[in-house]
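In structure tokens, the next block holds one chain alone, the form predicted on its own.
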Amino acid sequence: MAQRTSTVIAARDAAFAVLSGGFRLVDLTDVLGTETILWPGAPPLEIVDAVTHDAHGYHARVFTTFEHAGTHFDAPEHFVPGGADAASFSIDDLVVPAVVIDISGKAAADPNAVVEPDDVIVFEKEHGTIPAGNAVLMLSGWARRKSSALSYIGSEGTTDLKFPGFGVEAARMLVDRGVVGLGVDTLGIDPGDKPDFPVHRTVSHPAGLWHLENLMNLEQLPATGGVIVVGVPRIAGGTGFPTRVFAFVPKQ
């Protein structure tokens, strides 16, 4: 972990050097509430007034949520017993440069499209080898479907889901590159037609990578040059949690 953290810091420092010419901020987080589209079968969010202005002079609520609701963080412990939990990550591992691989074209034709090795190769021919210490974010255009749960999930039930994700071989390539996290603008890192979660289970979480799911506004990020901030709460034993994610993007 210490070696990985030094790699992350070096990558982040290089990215912030680019940002020294000025930057803008992009919010990559969806609003979390009772209307949020959840993983099929997940327990619903519950929001109850605990105290009220009229009765107590201030207002506070009890908010009950599935750890993997809305824009959220996956810790390796989500699929790897004994893996790192949400509280285990240093902030050095959560403020990192990010690259964006755009598969929106093929996702429009195939709802279960995946990031494949060829997509990584094409990206690297244009932008150079993806550096160690980066996160890799998949842009599929799926966030635009959130006005309809059926369009976003692809099914009215808990099976036959349809949405893009990362393929196993591409995920292995990225692990070999030394990336620290994967992110998607869909319900999950694995595509909807992979209910056994092969990337989660056999590639990324075993390698110690974190995930971000249900991201927004990825089309506002450049392919390279952005830095993301992952504000996951430090919850002991957390398999993940709803998370505020935003990006620094060079103005130019």
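Numbering starts at 1 and runs along the sequence shown. So that the term is clear: the rigid core is the largest set of C-alpha atoms that superpose within 1.5 Å between two forms. Remember, it's a predicted structure, so these values are computed and weren't measured experimentally.
Although not depicted, the form predicted in complex with a further copy of the same chain is the subject of the following passage.
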{"item": "Proximity of residue 132 to a further copy of the same chain in the model of the complex, heavy atoms at 4.5 Å", "value": "no"}
{"item": "Any non-hydrogen atom of residue 10 within 4.5 angstroms of a further copy of the same chain in the model of the complex", "value": "no"}
{"item": "Close approach of residue 155 to a further copy of the same chain in the model of the complex, 4.5 Å, heavy atom", "value": "no"}
{"item": "In the model of the complex, residue 87 touching a further copy of the same chain (heavy atom, 4.5 Å)", "value": "yes"}
{"item": "Partner contacts for 70 to 85, taking a further copy of the same chain in the model of the complex and a 4.5 Å heavy atom cut-off", "value": "77, 78, 79, 80, 81"}
{"item": "Core-aligned C-alpha movement of residue 186 between the shown form and the other one reaching 2 Å", "value": "no"}
{"item": "Core fit, then residue 204 C-alpha moves 2 Å or more between the shown form and the other one", "value": "yes"}
{"item": "Pairwise C-alpha change, residue 204 versus residue 81, in the model of the complex against this form - closer or farther, 3 angstroms or more", "value": "closer"}
